[in-house]
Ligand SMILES: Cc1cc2nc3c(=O)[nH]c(=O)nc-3n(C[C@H](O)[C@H](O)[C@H](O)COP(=O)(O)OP(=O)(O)OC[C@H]3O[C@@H](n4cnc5c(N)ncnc54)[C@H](O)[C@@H]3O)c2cc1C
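The data below hold one chain only, encoded as structure tokens and taken in the form predicted alone.
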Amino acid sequence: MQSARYDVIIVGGAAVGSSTAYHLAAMGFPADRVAVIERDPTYSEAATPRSLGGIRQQFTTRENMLMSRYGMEFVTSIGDHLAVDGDVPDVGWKEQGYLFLASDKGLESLQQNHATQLSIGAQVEILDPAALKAKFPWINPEGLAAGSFGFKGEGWVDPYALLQAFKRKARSLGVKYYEDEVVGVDKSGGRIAGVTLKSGAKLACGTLINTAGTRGHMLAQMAGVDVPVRPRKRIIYVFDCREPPPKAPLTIDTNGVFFRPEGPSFVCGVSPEEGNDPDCLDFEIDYSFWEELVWPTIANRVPAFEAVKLVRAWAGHYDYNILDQNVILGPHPDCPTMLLANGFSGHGLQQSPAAGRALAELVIHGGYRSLDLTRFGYERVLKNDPIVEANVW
């Protein structure tokens, strides 16, 4: 039976976990004292490669804006961070923007959000219906009061490529990766002592970092900790269009239906209503969203989408924070040596650089240095004090 001791064990080696491993090593923490445990090294069921890879600053919470801004700055200078032996990874950054559409009902909120976004230097503009039509001739402005367009610093990446770039760099710096699964957590006196793996191996540690994604709540339960995070399924539909609108941004309609280009095709979807969004880890495809809501919406907004061909669909999952759809980040008050990074609710990929940096700072310095993310701590769960983020979809 294998046994070893590490200063830090990271459970979950997808984007957030591998970013944390990289940032620890890059910031001078001894890489050979860090281990990452990943149950599915193919990442076939992980949330990261099944995401859309979006990066945007158009949030309503300052911390979310700044975390995603760091994500954008990170991927646009990726050679400075994740090159290995001079080989710079290509993560497929497409800076085509995000376009949030608003009806009269949502106009005031759009304008308020815009002011906050400008305060952090986001390059976002408000377009009235005439300006929308002028900039995007393919759009039907009927029913719109305005659109908020992030014309710079917003777009999308290849999520699997970014994940692999983080992992490759972390391993090159000396971080150990285990292809195994945690089945038990050893906790003594309110502190994590180590983990037991499915293989039978036992690993001791000083700090356990929970980046286990949709299974993060299960890992927390092994340590006697509850996090209000559950797996929720999201379905992405892929379609072709004979006359595709050129250089379309990722566009979110007033009812939450979104679409964006994906190579020569398009991807689209919508989040279910809360009452129709059960905890779920299966990958079954429900085509009723496409037929009843998604296609009618996009066909109304983009007349060219009235004639499309549905090519395929896939399902992935959010680690969904049922309190407020924002990440729970940092130590649990009853278990200070377990650091949480759970409940990104669809924002994990774009926030993985900032989350990894933040977790590394907590380990190395005992507090945040680059960006104060205290507000995302577990204390708000205890107080039932949710952070209201209006631009979650």
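Remember, it's a predicted structure, so these values are computed and weren't measured experimentally. Residue numbers run from 1 along the displayed sequence.
One more form of this protein, predicted in complex with this ligand, exists but is not displayed; see below.
Residue 46 is the only one of 360, 34, 354, 46 with a heavy atom lying within 4.5 Å of this ligand in the model of the complex. A heavy atom within 4.5 Å of this ligand in the model of the complex is found for exactly one of 166, 259, 149, 318: 318. None of 272 to 280, 136 to 144, 76 to 84, 173 to 181 except one has non-hydrogen atoms within 4.5 angstroms of this ligand in the model of the complex; the exception is 173 to 181. Contact check for 11, 38 and 50: all three have a heavy atom within 4.5 Å of this ligand in the model of the complex. Shown alone here, residue 212 lies within 4.5 Å of this ligand in the model of the complex, counting heavy atoms only. This ligand is not shown here, but in the model of the complex it comes within 4.5 Å of a heavy atom of residue 347. Taking the partner from elsewhere, residue 330 is found to have every heavy atom lying beyond 4.5 Å of this ligand in the model of the complex. Using a 4.5 angstroms threshold between heavy atoms, residue 98 counts as touching this ligand in the model of the complex.
Contact residues in stretch 106 to 137 (any heavy atom within 4.5 Å of this ligand, taken in the model of the complex) are absent; none meets the cut-off.
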